[in-house]
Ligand SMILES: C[S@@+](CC[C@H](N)C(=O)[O-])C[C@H]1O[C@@H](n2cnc3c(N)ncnc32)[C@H](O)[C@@H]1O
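Shown next as structure tokens: one chain only, the form predicted on its own.
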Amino acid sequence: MSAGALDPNDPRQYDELADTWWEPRGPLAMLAWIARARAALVPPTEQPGAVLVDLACGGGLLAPHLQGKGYRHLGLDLTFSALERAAAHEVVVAQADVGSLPLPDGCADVVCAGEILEHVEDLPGTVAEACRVLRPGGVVVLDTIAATLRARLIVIELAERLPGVAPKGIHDPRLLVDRDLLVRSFAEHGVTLRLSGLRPSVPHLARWLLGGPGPVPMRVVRSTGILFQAVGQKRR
């Protein structure tokens, strides 16, 4: 069965894509570009034994950008084939659902949620789990897709037709993220989020689509109406 034959948001699509996680021109290439931008929001630590929990870590694309920041990188994902790729990049891995994390309260110094919140059925429940495992004073870093018509048109209708930008059928438009609900859900658990928009550099993307070099740098923008990232600290 091909990824395109599965229902939108079916996690089995990632098994079909397992060999492409680290391909610089593969169907998951943009996830690597976003991972670099996500890592830039992760503060370095000098605390011995500091833990970064990477929710839905996929093939471990965050790993090379965390080198030198001082964390033990724990990656959780539902898809075993993705975890195998992550483990090959020195990520400590465990199979888990982001809505029910097999981790103790307050165990994480940083929680990253990269390109996962637009795939979950229960956004407040997933946020609650992320905040539960985050220690007081810990940092959450995320990126996801806004629940707007613009996002649906660009990310689903357009991007899923461009090679390397998004695989066909990977998103379910029902699950795109309501930004107000996201901010409220984190606030209920003592985390105040700061949102900023994110997009690929247009000239670099155009060159890449025409066969030019990558990776494509991501640019921070004011509008959060399509792709956005957020960072927040849990109240002590």
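A residue's number is simply how far along the shown sequence it sits, counting from 1. All values derive from a computational prediction rather than experimental measurement.
Separately, the form predicted together with the named molecule exists; it is not shown, and the next lines address it.
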Have a look at 132 to 140, 146 to 154, 70 to 78, 85 to 93 and name the one stretch with heavy atoms inside 4.5 Å of the named molecule in the predicted bound form. 70 to 78
Which residue among Val51, Leu205, Leu176, Leu31 has a heavy atom within 4.5 angstroms of the named molecule in the predicted bound form? Leu31
Decide whether Gly114 counts as a contact residue for the named molecule in the predicted bound form under a heavy atom distance cut-off of 4.5 Å. yes
Taking heavy atoms only, is Asp97 within 4.5 angstroms of the named molecule in the predicted bound form? yes
Evaluate Ala39 for contact with the named molecule in the predicted bound form, applying a 4.5 angstroms cut-off between non-hydrogen atoms, and reply yes or no. no
Does any part of Ala56 reach within 4.5 Å of the named molecule in the predicted bound form? Heavy atoms only, please. yes
